[in-house]
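Next comes just one chain, in structure tokens: the form predicted alone.
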Amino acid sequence: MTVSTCTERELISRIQQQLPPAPAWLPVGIGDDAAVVEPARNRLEVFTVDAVVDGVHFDRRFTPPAAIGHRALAVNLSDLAAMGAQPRLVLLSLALPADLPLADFDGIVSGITQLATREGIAVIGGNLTRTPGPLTIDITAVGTVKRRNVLTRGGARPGDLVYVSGSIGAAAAGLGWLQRDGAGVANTCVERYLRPIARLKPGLLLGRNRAASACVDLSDGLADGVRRIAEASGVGITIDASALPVDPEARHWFESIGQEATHAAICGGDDYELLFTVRPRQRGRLKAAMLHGGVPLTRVGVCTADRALLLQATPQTAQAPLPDGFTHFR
């Protein structure tokens, strides 16, 4: 059976069956022309939207349906994490090819709803449509944050220290494995690509402790994230290549195919780690975030006044221009 064998109402019902009861702050949810939400008291609302498209952001040949749904939501949650926001609700917009198997539809919805339930997020509505083009999942996510805890890309100053959460390069290596060997590959890098983890707790703690002066999530690679903070803040950044936390399994993969591992990890996308800056005098606040954040935070560079974006392999070698990261349009 395919989605074309069901009515829109039947497909919506299949989504509703996977959702927990609506929270008290949602007086009108799925089933009406629009949702009605009671605002969170004394908090700002943070909005983000991301679309994932078959053939651009995932490949159905080797990405299981549940992983497609998980990725579609996780990329939105990562944006909220980078703002220091607590996710609250999401709206789903699904453009479905007529020949999409009904089992795949259920799997995609399951990937979304399971992650939403785990993070305490309400799915409050959305839209379904048929498309002659590729499968597209467009999600709008809304979070909340106190005014003084908002993180942005634009607060870094010369002298600020640059940190990254977790490790980098694993998702790019996982994608390479899948592209070479197809579905059925199982290792930590593949899992990092298929089911990315939004760093919600570290983002919340960086905001609550006011430890970070600027922050961005690494959807398109560390090199791209460095550029986003530098452009928004009006600073330069020098990255210490020897300090970068390149995933060991990813390093092995890159070297096995003849790529320089650090360069590949810097330029590869889909890590969804947090890149952030910290005032030297605020390192005590950062320690509190590190203690409870549940993920390692590594110092990898420093902000400078000269606006240059540089990569230094070792203290003894000359600095080189930071390589380009991933970009959607050329």
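Note that the coordinates shown come from a computational prediction; the quantities given were computed from them, not determined experimentally. Throughout, we count residues from 1 along the sequence that is shown.
This next part talks about the form predicted together with a further copy of the same chain, which is not shown.
Not one of 194, 242 and 313 is positioned with any heavy atom within 4.5 Å of a further copy of the same chain in the predicted bound form. 96 is the sole member of 200, 122, 175, 96 with a non-hydrogen atom within 4.5 Å of a further copy of the same chain in the predicted bound form. The listed set 279, 70, 57, 285 contains one residue whose heavy atoms approach a further copy of the same chain in the predicted bound form to within 4.5 Å, identified as 57. a further copy of the same chain in the predicted bound form is approached by residue 134, whose closest heavy atom lies within 4.5 angstroms of it.
Proximity of residue 15 to a further copy of the same chain in the predicted bound form: non-hydrogen atoms within 4.5 Å are absent; the residue sits far from the partner. Proximity of residue 48 to a further copy of the same chain in the predicted bound form falls within the 4.5 Å heavy atom cutoff. Put simply, residue 251 is far from a further copy of the same chain in the predicted bound form: not one heavy atom of it is within 4.5 Å. Heavy atoms within 4.5 Å of a further copy of the same chain in the predicted bound form belong, among the stretches 143 to 151, 108 to 116, 243 to 251, 164 to 172, to residues of 143 to 151. Interface residues of 22 to 37, taken as those with a heavy atom within 4.5 Å of a further copy of the same chain in the predicted bound form (partner not displayed): 27, 28, 31, 32, 33, 34, 35, 36, 37, in sequence order.
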